[in-house]
Every structure is written in C-alpha cells, then in structure tokens.
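Let's start with one chain on its own, the form predicted alone, as structure tokens.
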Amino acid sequence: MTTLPPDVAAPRETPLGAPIVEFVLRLGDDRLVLGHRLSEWCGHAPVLEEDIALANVALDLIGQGAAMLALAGKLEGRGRDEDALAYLRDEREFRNCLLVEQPNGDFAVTIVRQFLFDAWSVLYLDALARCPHAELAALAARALKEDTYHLRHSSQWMLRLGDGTPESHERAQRALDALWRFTGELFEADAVDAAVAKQGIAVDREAIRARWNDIVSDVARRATLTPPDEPHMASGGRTGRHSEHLGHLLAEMQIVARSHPGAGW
C-alpha cells in the first residue's frame, strides 16, 4: 500500500505520453532535480573540499539529466530539446521520484538522501546499460561510471556521520528515519515499465531491491545506524503528483528561461 506525504496536493495526474518517452523522462528528471538540489550547497558546505565535491556531483547529475532529456525529446518527436523539457514544463509534467525533491535540510539529510539514491541508481543504471536500446544503454553506461563514484563518496560520509560524534550520529539517524518512506517508490513498476519491457527494456526491480537492501544494510551497520521498519511508503512522483517542495525548486530553476522566452546566449 502506498500513501502520499501529507504535503502532497490532491491526486490530479498529468496524462502520460508514449511509454518510452515517459521512461526516459523519469531518468532525466531524477537527475536534473537532484543535481539542482545539490547545487544549492555551493558556497555553504561544511568544509571547502566538500563544497567542491558536492558541486562536482551536482554537475555530473545535471549533465546526465540533460543527456537523458535530450533523448526523451528526440524520442517524443515534438521538437522539444533538453532546455525546453527542463525549463518549460510545469510541476505536474515532471516525473522524478519524491526522494530527490526533498529539501536539503542539514548536511546529514543531504548525505542520506544522496546515499539512498546512489545505491539505487548504480544498480538501475547497471541493468539499463545492458538493454537493447543503443542510445539509452550508452547513456546509462556513461552515467554508471559517475554514479559509482557518487556512491563511494556518499557511503564514506554515511560512515563518518553515523559512527562519528553523538550529534552527527543522531542527525544521520533522524535523516534516515525521515527519508526512508520515499524509497519504496524507487522499486515500483507500472504500465510504463510494462510497455517498455515489451521492447526489451526490462529491469528486475525485485532483484535490484534485494541488492539495494544489502548495500544499505551493510553501510548502515558499519555506520551504527538502523534502517527504520516503515511499512507505509510515499509515491506519486512518477505520474506527476509531487510534494510542495518541487514547485518551489522549479520556480527558482526556471525563472530566467520563463522570464526571457526564446532568449539565446
């Protein structure tokens, strides 16, 4: 059973497009939104090295998102490029999971959110890198190299925070408890997934879930953290039902493009 977080608006869904377009949009939107979230740390991270590291991870994710949105636009065939898809869609048209749009919070929240996503993304991209769709497989293979580093980076911080001071441990555990309910959506499958599976783009979500649980459990154990036993999961992002946080993020991200339509630099 899935439930929406309390701050998600009434379930009014935007009609889905062609399954393959929707599938690729989900990949691109995850990375675009998370990359923008991480970019908010620029100049505010706790140490200079981490300021640079988070900025680099953000750039990786935004680059991945741009490439995937460009592919989605090509597959859609309506003349929309990655910029149009990033800056000229409304909140209900975005297909990112709810996890990536959650606010940064303190540093522990950002790290836990990143770790939970990274552990899933590495496994998901690894599966897609072997799919028969040549362009999608190539994008997945390239992104996989970057996300493997991202996972190593976020895992190391999980250990430092969880097995650090009493305060860092408390903050990391609190973040894990708060964000856990957004992880179930990562493993959901719907009609879009069923349709692309008929094209050979099939991802074994149960296998990924098992491996993800192993990764998360191992890191949490070594970080002296305890994953919560939370049966109720939030979902809706894949069909355009988002928390209020995405609207605020998009307002900031899209303001220049929307204020100066058609402008070029």
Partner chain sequence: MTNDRPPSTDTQGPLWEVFTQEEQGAPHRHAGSVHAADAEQALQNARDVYARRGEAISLWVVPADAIVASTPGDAGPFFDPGNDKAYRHPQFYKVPRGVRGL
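Small disclaimer: the values here were computed from a predicted structure and weren't measured. Positions refer to the first chain, counted from 1.
Keep in mind that the form predicted together with the partner chain is not shown, yet the notes after this line are about it.
Asks: 48, 56 and 149 - do all three of these have some heavy atom no more than 4.5 Å from the partner chain in the predicted bound form?
Replies: Checked in the predicted bound form: all three residues contact the partner chain.
Asks: Using a 4.5 Å heavy atom cut-off, state whether residue 153 contacts the partner chain in the predicted bound form.
Replies: Yes, residue 153 sits close enough to the partner chain in the predicted bound form that at least one of its heavy atoms falls within 4.5 Å.
Asks: Even though the partner chain is not shown here, does residue 207 get within 4.5 Å of it in the predicted bound form, heavy atoms only?
Replies: No.
Asks: Can you tell me if residue 52 lies within 4.5 angstroms of the partner chain in the predicted bound form, counting non-hydrogen atoms only?
Replies: Output for residue 52 is yes: heavy atoms within 4.5 Å of the partner chain.
Asks: Under a 4.5 Å heavy atom criterion, is residue 117 part of the interface with the partner chain in the predicted bound form?
Replies: No, no contact at 4.5 Å.
Asks: Name the residue from 80, 160, 89, 142 that puts a heavy atom within 4.5 Å of the partner chain in the predicted bound form.
Replies: Comparing distances to the partner chain in the predicted bound form, the residue within 4.5 Å is 160.
Asks: Want to guess which of 208-216, 40-48, 232-240, 27-35 is within 4.5 Å of the partner chain in the predicted bound form, heavy atoms only?
Replies: Answer to the contact question: 40-48.
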